[in-house]
Every structure is written in structure tokens, then in C-alpha cells.
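Below you'll find only one chain, the form predicted on its own, shown as C-alpha cells.
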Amino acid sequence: MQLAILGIIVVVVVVFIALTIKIVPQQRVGVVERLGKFNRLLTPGLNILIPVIDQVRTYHDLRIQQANVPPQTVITKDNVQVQIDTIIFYQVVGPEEATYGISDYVYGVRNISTATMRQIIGKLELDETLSGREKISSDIRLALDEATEKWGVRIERVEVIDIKPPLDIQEAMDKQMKAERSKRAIVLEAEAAKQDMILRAEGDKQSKILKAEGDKEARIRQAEGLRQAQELEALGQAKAIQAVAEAEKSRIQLISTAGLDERVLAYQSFDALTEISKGAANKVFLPSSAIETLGTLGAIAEVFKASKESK
């Protein structure tokens, strides 16, 4: 009997301690109600409650969480049905509002996301929808922010995972894409051929210009060389004439310095004629001016006479 009572007391103590002491892990928070009314929040660590009077209504995870929105079939502005998969990242920032503001904020976020997505896609055509994922995600996030602010939930990010048009539309898009790529390939090939022809023509033009400039430069250098050679040759001739003139001038000056006058020169010329007359020629022609000069000396007749006698 005593053991049974002791066991009951131990159980009561354990239950009392369990109801009194609450340990909350990091990034979690508990909502405490006292007699059915919000009292306070349980923060991470050790917390003490009044048994029976205080109760933990719920715990919230304060980490960023994700909620997958089931694939939704929506109609675009040009009446094409597309299926869109999205995922939403959210965080509880107001545990009290998240507890009492809405019964299930995850369900609320999904519904608002679906309704907002239909409104946004209904204003876009198919091409805009396929290329406007970023805009769609941004618009959904802004709409969710306005709705979830009073729920104590903050939408961190909305991602459009996939947009699937109908099968026939996909096939038509594939054909269009292939045709577009073929067109781009043909255009690129034509552009490459054009660039090749332009580059070749430009290269040929540059080659001809360089060759013409080279020929011009060669002719200029050749003419310049010829001109310099002629100038040097003329200069050489001028210097030679000058040297001859200088030599003649010096000879005349030397003769003048030696006192040789016209009669001495005539006598020397006469000696030269005497030597000439000793040669094979039997006649010697003299200029009249020389004869006059020699005549003035009065000796020419005697010289020729002596010459005849010696023969």
C-alpha cells in the first residue's frame, strides 16, 4: 500500500515537473495561453509554466520554410492553357499573429498564390508568360506580402519552377525554334561569306597599294641616285677643269717668273720646228702668224738655209 502511494506521488511529481518545465530549442518559439488567453511566448531555452493554468497552444519554427504549390492550369491572354509549378519560401516573423490571425497560414499562402497567379497569367500572352518568369514571381511575391503581413508571415521568395504549354503548342514551338535556328544559321553563313569576300578584296587592295608604293619609292630612289651620280660627275669634271686651269696658270706664272718673253718662246718654237724638219716629211707648213713672228727675229731664213745645206 505504501509503495502504491509512493508510486502515485512519483508520477504526480513527474507530471508536475513535465507541466512546469519547458525546454524550447533554438529557432523555435511556443505560444502560451493562460486560462485560454494569450499570455506570452516561450523563447529558446528553459521556461517555467504554471501547471494546468498555463498551456502551450502551439510551437512555430522560425526558420525559412518552403511550401510547394500544386501544379495549376491557367489560361493566358491569348487563350492558351499552361500548367505552372511554383514554390514559395516564407518565414514566421510574428508567432502570435501566425497563431490567431489565420487557422492555417500555409494553406492561405497557397490559395493566395494560386489566385494571384491566375490574375497575372490572364494579362499575359503565351510568349510573355514563357519569357516572364521573373516578373511573374515578383508579382506573386508582392501580392502575398500584402496579404500575409497581418498573419505574421513574411514571403522571402517565390520561384516559378516550370511552365508547360499544351503538347501541340510545344511541338509548334519546337518547329518554330528549329526554323528560327536554321534561319539564323543561314544568315550567319551568308554573313561569314560576305565578310570573307570583303576581307579578301580589302587584302588585295592593300597588296596593290603597297606594291604601287614600293614601285614608286624604287623609281624615286633610282632617279635620286642617277641625279646624284650626274652631279658628282659634273662636279668631278668642274674640278678637273679647274685643276687644269690652275696648272696652266701656274705654268704661265712660272714662265713669267723665269723672264721668258715672246722672243724666247718663238725661239723655242723654232727649235721644235727644226726637230720636226729632221723627220721624213720634206715639207713643213707654218702658220703665217708664226712666220711673221719668226721673221721678226731675222734668223728663220738662215736656219732653213743651213738645214738645206746639211742635206
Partner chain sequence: MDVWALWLIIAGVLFVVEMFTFTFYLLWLSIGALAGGVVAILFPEAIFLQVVVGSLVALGLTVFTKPLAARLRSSRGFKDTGTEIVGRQGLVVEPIVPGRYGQVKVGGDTWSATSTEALGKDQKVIVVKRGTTIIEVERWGDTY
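Residue numbers count along the first chain shown, from 1. All values derive from a computational prediction rather than experimental measurement.
Same protein, other form: the form predicted in complex with its partner chain, not shown, and the subject of what follows.
*Asks:* Given a 4.5 Å cut-off on heavy atoms, tell me which of 170-178, 88-96, 224-232, 118-126 is the interface stretch with its partner chain in the predicted complex.
*Replies:* Within 4.5 Å of the partner lies stretch 88-96.
*Asks:* Among Glu159, Asp78, Glu156, Asp162, which has any heavy atom within 4.5 Å of its partner chain in the predicted complex?
*Replies:* Looking at the other structure, the residue within range turns out to be Glu156.
*Asks:* Can you work out which of Ser131, Ser138, Asn111, Gln83 has a heavy atom no more than 4.5 Å from its partner chain in the predicted complex?
*Replies:* Comparing distances to its partner chain in the predicted complex, the residue within 4.5 Å is Ser138.
*Asks:* Applying a 4.5 Å heavy atom distance criterion, does Leu142 contact its partner chain in the predicted complex?
*Replies:* Yes - in the predicted complex, heavy atoms of Leu142 and its partner chain come within 4.5 Å of each other.
*Asks:* Any of the heavy atoms of Asn39 lying within 4.5 Å of its partner chain in the predicted complex?
*Replies:* Contact check for Asn39: no, nothing within 4.5 Å of its partner chain in the predicted complex.
*Asks:* Taking any heavy atom pair closer than or equal to 4.5 Å as contact, tell me whether Pro70 reaches its partner chain in the predicted complex.
*Replies:* It does not: once its partner chain is placed as it appears in the predicted complex, Pro70 has no heavy atom within 4.5 Å of it.
*Asks:* Though only this chain appears here, would Gln242 touch its partner chain in the predicted complex if you measure heavy atom gaps against 4.5 Å?
*Replies:* Result no; Gln242 lies far from its partner chain in the predicted complex.
*Asks:* If we check its partner chain in the predicted complex, which of the residues in 42-59 reach within 4.5 angstroms of it by a non-hydrogen atom?
*Replies:* If the 4.5 Å heavy-atom criterion is applied to its partner chain in the predicted complex, 42-59 yields Thr43, Pro44, Gly45, Leu46, Asn47, Ile48.
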